[in-house]
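The chain below stands alone and is given in structure tokens; this is the form predicted on its own.
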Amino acid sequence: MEKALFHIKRNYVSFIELIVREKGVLFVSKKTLIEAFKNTSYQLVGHGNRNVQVLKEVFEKIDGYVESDIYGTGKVIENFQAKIASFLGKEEAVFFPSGTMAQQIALRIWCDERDVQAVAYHPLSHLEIHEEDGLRKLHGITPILLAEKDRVIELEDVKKLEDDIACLLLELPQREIGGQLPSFETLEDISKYCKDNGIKLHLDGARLYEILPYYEKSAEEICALFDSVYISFYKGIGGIAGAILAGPKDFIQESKVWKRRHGGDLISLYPYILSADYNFDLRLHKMKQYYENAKELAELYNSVEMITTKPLVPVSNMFHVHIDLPKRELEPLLVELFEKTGIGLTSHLKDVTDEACYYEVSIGDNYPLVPKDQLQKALNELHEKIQTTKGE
């Protein structure tokens, strides 16, 4: 086969045309990376397709006469909130349709309590890069950014704060830098410092379940260091959507008022709640296995030249894969690789520099289904493709 010609077309959908000449015949493969990924036989990440079947499986096991919740009341929501509050070791909890809503409300309450309209968090916090400046626009709260972008917040960063803040938010793990974590001792030190200085400590625990194996602590032990906690039900757990905000009774009662103000008190949330409850019970005990599988896969990646993971050894079920090629060059290589091997490594890439890119890996139920000999062959072939491309 002659050398492949790669031509990238940029439009709204960002189509990729992979043109291959073989024996004088022109073949054209026109697929996006996500299309090629979805068409593979095996996918390394996640729990499987997010389709209607995910919800059907939940409802097949539920009595059809269970009454729905009504505007935040009823057994289906109240029992689940109590269950998760107990799991987190908090007085009370309230179910929200989204974590964005839950966290902005949590920070608003702490700011109002101290009459200080400022909070601190990491420069790559979800609130900073994914919420369209909602905290400032909706609540008039000023965010103070702590630490450099490529590392976690340490105690010294908090001590060096010059601005008065009502609350410090810590995200565990720090997703945008590969799921890195501070030591548990650091968490204890930050918690004590905040208490001593009248600063509320809030946990962005969207992936709290996934860090329990690394810390070798219970959720209750970790959450005891924080005044309030948010957890998600669609990430590692695999529910369809939804979040819990937990904390002291007065705090939660106030959050329910803000939930109504934000339009989060839908007439019924039971599809989200039942899905969250079902998948919580289904997958919570699997987190240690996901963690071990992540370490195994990271070791495979790191054995391939020009591919590294961040962190080198994962501290949860997630990590980033960094490759020494720009996105525009790696995408067509991956499309071809997926079509040839049937192994899907990722559905999207992000540029790091003009010469390198990365993608996120989050291990779930899919990984054990992947034949390891085929995975190794796919990674070897990826290495060859990268080497050939860089040598051209």
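Just so it is clear, the model here is predicted, and its values are computed rather than measured. From 1 onward, residues are counted along the sequence shown.
Another form exists, predicted together with a further copy of the same chain; not displayed. Remarks below refer to it.
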| query | finding |
| --- | --- |
| Stretch in contact, per heavy atom within 4.5 angstroms of a further copy of the same chain in the predicted complex, of 329-337, 40-48, 58-66, 355-363 | 58-66 |
| Single option in R261, K217, K159, K192 placed near a further copy of the same chain in the predicted complex, where near means a heavy atom within 4.5 Å | R261 |
| Interface residue in the predicted complex among H139, K295, R283, H322, criterion: non-hydrogen atom within 4.5 angstroms of a further copy of the same chain | H139 |
| M101: touches a further copy of the same chain in the predicted complex, heavy atom cutoff 4.5 angstroms | yes |
| Non-hydrogen atom contact E305 with a further copy of the same chain in the predicted complex at 4.5 angstroms | no |
| Exercise: L269 in contact with a further copy of the same chain in the predicted complex, heavy atom 4.5 Å | yes |
| Touches a further copy of the same chain in the predicted complex: K200 (any heavy atom, 4.5 Å) | no |
| Heavy atom of each of H130, G134 and L274 within 4.5 Å of a further copy of the same chain in the predicted complex | yes |
| Heavy atom within 4.5 Å of a further copy of the same chain in the predicted complex - qualifying residues of 305-322 | none |
